[in-house]
Ligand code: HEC
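A single chain, nothing else alongside it, follows as structure tokens in the form predicted on its own.
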Amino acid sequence: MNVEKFYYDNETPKLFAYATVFWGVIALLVGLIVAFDIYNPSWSLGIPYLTFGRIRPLHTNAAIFAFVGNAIFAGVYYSLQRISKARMFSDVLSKINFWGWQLIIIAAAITLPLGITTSKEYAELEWPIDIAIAVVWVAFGINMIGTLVKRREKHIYVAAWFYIATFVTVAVLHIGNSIELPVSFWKSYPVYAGVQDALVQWWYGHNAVAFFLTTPFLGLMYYFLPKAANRPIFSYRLSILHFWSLIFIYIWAGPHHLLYTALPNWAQSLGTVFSIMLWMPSWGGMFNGLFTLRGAWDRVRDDPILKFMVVAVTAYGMSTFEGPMLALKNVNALAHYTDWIPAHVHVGTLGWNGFMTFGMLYWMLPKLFRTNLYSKKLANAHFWIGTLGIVMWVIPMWWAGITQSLMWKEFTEIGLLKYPNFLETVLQIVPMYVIRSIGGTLYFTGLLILVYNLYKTVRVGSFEKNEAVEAPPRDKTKEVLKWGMIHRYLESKAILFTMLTLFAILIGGFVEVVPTYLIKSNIPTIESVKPYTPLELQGRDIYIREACNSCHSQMVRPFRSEVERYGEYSKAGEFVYDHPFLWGSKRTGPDLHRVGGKYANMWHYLHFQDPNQMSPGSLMPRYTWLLEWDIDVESTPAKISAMRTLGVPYPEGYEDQCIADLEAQAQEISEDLLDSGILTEPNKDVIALIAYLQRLGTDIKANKSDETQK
């Protein structure tokens, strides 16, 4: 038989594997600091760059894009060559992918603690880094599709289907959600506002989980699990059903993050319906993975790699059952804004992504270095310590979430809130936070065991940068399109397969997002809602810089308990000038949408100086630098101009007047503080932030007559 000799590129997967381990240690270490910081704010040492608000997005971005992202690339670059029987399309693109991704991670690690952020969940990085992400991601996609085009195997294996879906969907999501208007090199405003921004963000946010944390790992599961078990995948037909139903349904589910908010009801209901439907294809993938091990369960008891993979797939099944259940409105009413949601997320990240990554590394690196794993006993120890860590992380947070929600909603016999002071509900769950930090420490300990085990494995191995391989050329006979064999035909057409995948994922986004722009009745306007003053706009940007939305929501839902606690429920028309929206996703502190006028300026000042002065036992850190740092007054005209470009009705030429208006309003607040015995200059950040907080929720009266349809 005629065969061709070629070489696999082992250098790129090796580098990505090393980066996975390195950034995994960093991401989990920062996560540990966050876990301790949340119940002991003194850990930040009064340093603005170490507060919970600033390092939480550092942890999430490091975990998702540095740790998991590098694991995805390591697995794809290793497996794609072998299922295609071809070297990667371009060594240059491989290098651009690796080094470009590492530079992006470093840029994120620098900018996020500095408060350079868009505030949007999983999309906090500012516009120059967003552009770099798009460039590197396209380089990866070209490299992957080019490899599939030149493959020697006639049919594209199932793992590559999920790699293709990952590439096209993440590209669409990232570009769509990152359309921003730059104000300066490190500051931008999204083109979307309020309800529209929320919908686009959670179309991105939910599907970043779907197509960055799920579909590529399903591809890795379809390759590495059969390899580790030395058995074929359970069902080819189930793979087809799993793939197409999953990618079509997943993209519709984003609105379930916005139930009971100001999002139109039709969009909320659509998100709920598709979220529940999502359970079926998700479990189809889980069963396909677990049933692959039929007849091999004796090996699972002895093989730590299979242990990691089995628990990973099981965690995938658990999280994809819990997700649709949380999308039910009655369950969501109990769980949203509580610690139940981080518990749900971490079943997936620690169990599904983490354990699948560990199993892949334990299997792949010995293969790259042509040796055996240094110690199965250490790998087993890692497995059990890591599993215990997950249990001690997740269960206390489930308990904390239910405790929070029930306390928020409880009334006395005479109809008053039983716990009107929000801080009571926070202090009640501190023991759960302590247990969670212990669980995180265990999980991190397991990772350190992996580092040592892999280090010793690599030391005794022999790495081959370019692995010589022989394979017959691809059969050039054309695949005939036959009924019942349609998918086999598609598997022979890489470009057609990619285009159909793109079409499948675009439908849901188009149906959900476009009507919120074209149908004005989705967002009723309110005559009394006006743009922010220049000082309030600067205060809002300080609020974003300090990531206050990590702990405080700005969305009063139409529940009796929330209206009693906070005030009139939030209306869609109140957010039309909010670039970006700041509805939040978790309440470690109370909702702030109706905080305007609730407290005196003096209260806010003292609260930033030392929260315990006003709220004894508060878990909020001191923000003393706000009392010392100056407002960036000179940036105000550019911000006003950018907002007008985005449709905010500031008068033409207002740039010439805005600084004077800012200084006048700041002087009023400074004088009011002086009357209360507090001497502070009017040009300090705290003045702007107080102005913004005092504005929140004051544009409308607490009755429906203020809403005017236009």
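Residue indices: 1-based, along the sequence shown. Note that the coordinates shown come from a computational prediction; the quantities given were computed from them, not determined experimentally.
If you look for the form predicted in complex with the ligand, you will not find it shown, but the lines that follow are about it.
At a distance threshold of 4.5 angstroms between non-hydrogen atoms, residue 621 is in contact with the ligand in the model of the complex. Contact between residue 52 and the ligand in the model of the complex is found at the 4.5 Å heavy atom cutoff.
The ligand is not shown here, but in the model of the complex it comes within 4.5 Å of a heavy atom of residue 598. Put simply, residue 130 is far from the ligand in the model of the complex: not one heavy atom of it is within 4.5 Å.
Annotation: in the model of the complex, residues 543, 546 and 588 each come within 4.5 Å of the ligand through at least one heavy atom. In terms of contact with the ligand in the model of the complex, the residue from 244, 603, 411, 99 that brings a heavy atom within 4.5 Å is 603. In terms of contact with the ligand in the model of the complex, the residue from 85, 552, 557, 639 that brings a heavy atom within 4.5 Å is 552.
Contact with the ligand in the model of the complex, judged as any non-hydrogen atom within 4.5 angstroms, is confined among 395-403, 431-439, 351-359, 604-612 to 604-612. Along 673-694, these residues reach a heavy atom to within 4.5 Å of the ligand in the model of the complex: 689, 693.
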